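In the block that follows, a single chain appears as structure tokens, in the form predicted alone.
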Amino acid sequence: MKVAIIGTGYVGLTTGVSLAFLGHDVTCLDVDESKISALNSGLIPIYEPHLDELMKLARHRLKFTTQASDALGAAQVVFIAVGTPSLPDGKSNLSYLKSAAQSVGQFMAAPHVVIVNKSTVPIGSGNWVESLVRDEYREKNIRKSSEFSVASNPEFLREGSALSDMLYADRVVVGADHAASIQVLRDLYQPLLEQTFDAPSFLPRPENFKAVHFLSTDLQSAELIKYAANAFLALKVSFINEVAELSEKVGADIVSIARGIGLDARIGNRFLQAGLGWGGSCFGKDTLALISTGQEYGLNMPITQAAREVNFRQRRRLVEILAGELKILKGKRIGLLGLAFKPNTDDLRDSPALEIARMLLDRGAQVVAFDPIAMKRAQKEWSDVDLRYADRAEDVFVEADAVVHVTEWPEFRTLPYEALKSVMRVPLVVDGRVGLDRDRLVSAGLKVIVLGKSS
């Protein structure tokens, strides 16, 4: 099929490259000329494991352009994958979605076009997009008549494992009010649904993985599935962090607790890792949007609201732990291991590291940080924050009064802690991700505080 992708962020680029790899002719459209120029040169503007390798395999079926007419004129399926950031009141900023829908209305020309909301959008956005496309088409299009329909196909991609999540998905959800649209998208995803494609060597098919579940529903249900899924995962993270705080008080081990409840098949063990909580572009924005949607209909969402409060409390709690240990933070040197909101990405959106750094700086501390991937991006996007950046992970320990494990990059587990203890002013490590070998660090002479474990 001929496919257009509007937006080349994480979702749009991953979707476009994956669909091209599966055999479709894909044109990716973006207004950012520098980004499109880079992509046409084979350079990927984001960090996502194996994306460059998969793009090389699919390059002959991929095009990148800033010209809407080039992307949309022949497209049978158009994915809208633009950003929908939060506004101050919690509602989603739909200006990019509106612009994309109007562009489709101007330039679509295939006999029948299925327009797919891939962005996480508020309930009812499918109907709104349909009206925008129709109005624009009627006003500005003088070519022969094209038919179109709108569907919702929410993404469930985790940054750092987005390609695996795409090719070996738990499920593909499609919401539409027309059976023909659902069939078009089923056909589009057929190689993925039936796993008939040859798996790339760098992304092997999981053992015994044979098919992907396809769920079709109405537009509104598909839109709400995305919000509900992210809110529920956020709840799990916040719940285990709330239990972790109690665990510290009573002398229990949160790792054992998480394992014990995760072995219950009704609960499962994923998203039960205690620590600094979630960040990134999805959970914060989507939980806030869900609360805002509830308010529009006169409903409170107290469970979702509590999940947000617990999550952001974790960041404050870590600073309080440092203050309790060091007594005075003014003039103290604090090292941060990690800046990205999670490993295997350079995404800094809603990263716990930023809020922690700002709180420490507000209290007069010096903050030095290192991240194996996200440093350049942090220096650009956080230019207003008085952070100091280390050349190596080991350098954040030099004359430090404490070092905080913020992002669970694997290389932080294997640092030479035995040697690093001697270069610190105060041999204190706070494991904010419950991922370091506590026994090893203690044997090296460090005092280690682990969230969710008593001292």
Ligand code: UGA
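Residue positions are given as counts along the sequence shown, with the first one as 1. Computed from a predicted model, the values in this text were never measured in an experiment.
Omitted here: the form predicted together with the ligand. The next part is about that form.
Although the partner is absent here, residue 359 sits far enough away that none of its heavy atoms falls within 4.5 Å of the ligand in the model of the complex.
In the model of the complex, the ligand sits beyond 4.5 Å of every heavy atom of residue 84. Taking the partner from the other structure, the ligand in the model of the complex has no heavy atom within 4.5 Å of any heavy atom of residue 368.
With a 4.5 Å cutoff on heavy atoms, residue 223 does not count as touching the ligand in the model of the complex; it lies far away.
Residue heavy atoms within 4.5 Å of the ligand in the model of the complex occur in exactly one stretch of 148 to 156, 290 to 298, 182 to 190, 89 to 97, and that stretch is 148 to 156. Contact check for 16, 61 and 164: none of the three has a heavy atom within 4.5 Å of the ligand in the model of the complex. Comment: the ligand is not present in this chain, but in the model of the complex one of 277, 338, 335, 175 has a heavy atom within 4.5 Å of it, namely 277.
Between the ligand and the residues 230, 314, 117, 103, the one pair within 4.5 Å by heavy atoms in the model of the complex involves 230. Scanning 253 to 271 for heavy atoms within 4.5 Å of the ligand in the model of the complex gives just one residue, 271.
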